[in-house]
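The data below hold one chain only, encoded as structure tokens and taken in the form predicted alone.
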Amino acid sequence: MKNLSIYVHIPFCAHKCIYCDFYSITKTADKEKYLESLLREIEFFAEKYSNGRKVISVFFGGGTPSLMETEYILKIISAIKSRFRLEPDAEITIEANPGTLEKEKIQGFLSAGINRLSLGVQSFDDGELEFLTRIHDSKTAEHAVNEAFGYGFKNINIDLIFNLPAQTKSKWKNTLQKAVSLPVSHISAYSLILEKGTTLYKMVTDKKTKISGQEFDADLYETAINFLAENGFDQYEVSNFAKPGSECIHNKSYWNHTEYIGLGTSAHSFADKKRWWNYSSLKSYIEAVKKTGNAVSGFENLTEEQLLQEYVMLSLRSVGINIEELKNKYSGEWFPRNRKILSEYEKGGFISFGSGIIKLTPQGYAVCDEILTRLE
């Protein structure tokens, strides 16, 4: 029986942050229509993909899913349970903004079956949070983590961003220090990416602010890798660090090339060697689901070569390339063809070979994209 993961996009947000390019909206007038569409979309894809598959993870992303009432989220989980084979120990994650959590909501999410909380903290420096236009401050973030843990969440992730404008290495270290002092089991650390169409992109192009270059970015990244390792967080993917046994099952589904169904606006899916994606616009999404039961706006059938390249990219960024698995699934020619390049990076200390696994070293994660561009 195949494993399957489900992603649910909740686009509603209290405020659009200056750096965010995910599809989100601040008006919630259509949230009930959206819920109706999600429930219908679940029925549509269950008919196609529930047989022979077991759901090992559900992830509510956004937007800000934690803005929704507990009952809203519970209806979606209940629909998934009734239409798919949701494993009893499935990981169910909800993303939350620290500024939207209170006792009743935390307890409600736990009662709904959510067992993993992902908090968009981003920084523990109030100046940086203000610049990012987050709706919370550092004390609120710290309080949210402690409250969630105290009321029963034992699997908590916090997202952090580095290489912010005017960020110093000292500020970044302080944020990391505060993060590991809290009862969290997982930390995601992302380099700030300048995305076209965001307010931050315009600020940079108008020279109202400046982002440091690649060398400083790499220094902050290496600082995070070393510091988190020293404090018991193992790196299992380019941007993700976890205490032993607390790796995100949903994240690993993507990296392991596991099939997944994306529900909601702008969501992407991958199953049966096919990839498809939904309309981003809320209006277009609701109209499409009403007509056909789904909101697919485009798709592609992946060739064996595309699947091979995706497997290499995803595996190298995470657990490593299993040479025997690659050979059996895709091609026995890939490794001999790339042996010379891989040996070069091995000698440089960027790649390690062990037990038939090609894996990046901490130094290798920093140049992962460069390595991937050279592989054939």
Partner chain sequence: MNNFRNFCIIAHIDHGKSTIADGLLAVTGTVSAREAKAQLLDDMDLERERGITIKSHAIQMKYKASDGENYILNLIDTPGHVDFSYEVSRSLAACEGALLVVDAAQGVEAQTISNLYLAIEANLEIIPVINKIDLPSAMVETVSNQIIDLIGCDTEDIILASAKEKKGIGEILERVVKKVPPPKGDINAPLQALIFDSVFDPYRGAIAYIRVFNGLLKEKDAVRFFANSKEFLAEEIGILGLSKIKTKELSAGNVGYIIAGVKDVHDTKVGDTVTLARNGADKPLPGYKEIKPMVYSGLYPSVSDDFEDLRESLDKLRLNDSALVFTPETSAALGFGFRVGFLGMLHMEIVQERLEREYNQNIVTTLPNVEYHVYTKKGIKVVVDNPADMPSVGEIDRVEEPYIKAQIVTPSEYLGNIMKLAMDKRGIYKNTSYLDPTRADIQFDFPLSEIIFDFYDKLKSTTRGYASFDYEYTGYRESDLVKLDILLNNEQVDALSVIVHKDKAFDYGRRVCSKLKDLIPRHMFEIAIQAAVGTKVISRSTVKALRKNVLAKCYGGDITRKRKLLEKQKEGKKRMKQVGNVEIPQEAFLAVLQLEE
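Positions refer to the first chain, counted from 1. Since this is a predicted model, take the numbers as computed values, not measurements.
The same protein also has a form predicted together with the partner chain, omitted here; what follows describes it.
The stretch that touches the partner chain in the predicted bound form, counting heavy atoms within 4.5 Å, is 234-242, out of 79-87, 234-242, 177-185, 282-290. Although the partner is absent from this view, residue 2 stays clear of the partner chain in the predicted bound form, with no non-hydrogen atom inside 4.5 angstroms.
In the predicted bound form, the partner chain lies within 4.5 Å of some heavy atom of residue 275. The partner chain in the predicted bound form comes within 4.5 Å of a heavy atom belonging to residue 268.
By the criterion of a heavy atom within 4.5 Å, residue 12 is excluded from the residues contacting the partner chain in the predicted bound form. The listed set 44, 330, 49, 345 contains one residue whose heavy atoms approach the partner chain in the predicted bound form to within 4.5 Å, identified as 345. Candidate site formed by 17, 125 and 148: none of these residues places a non-hydrogen atom within 4.5 angstroms of the partner chain in the predicted bound form. Residues 214, 215, 217, 218, 219, 221, 222, 238, 239 are the members of 212-246 with a non-hydrogen atom no more than 4.5 angstroms from the partner chain in the predicted bound form.
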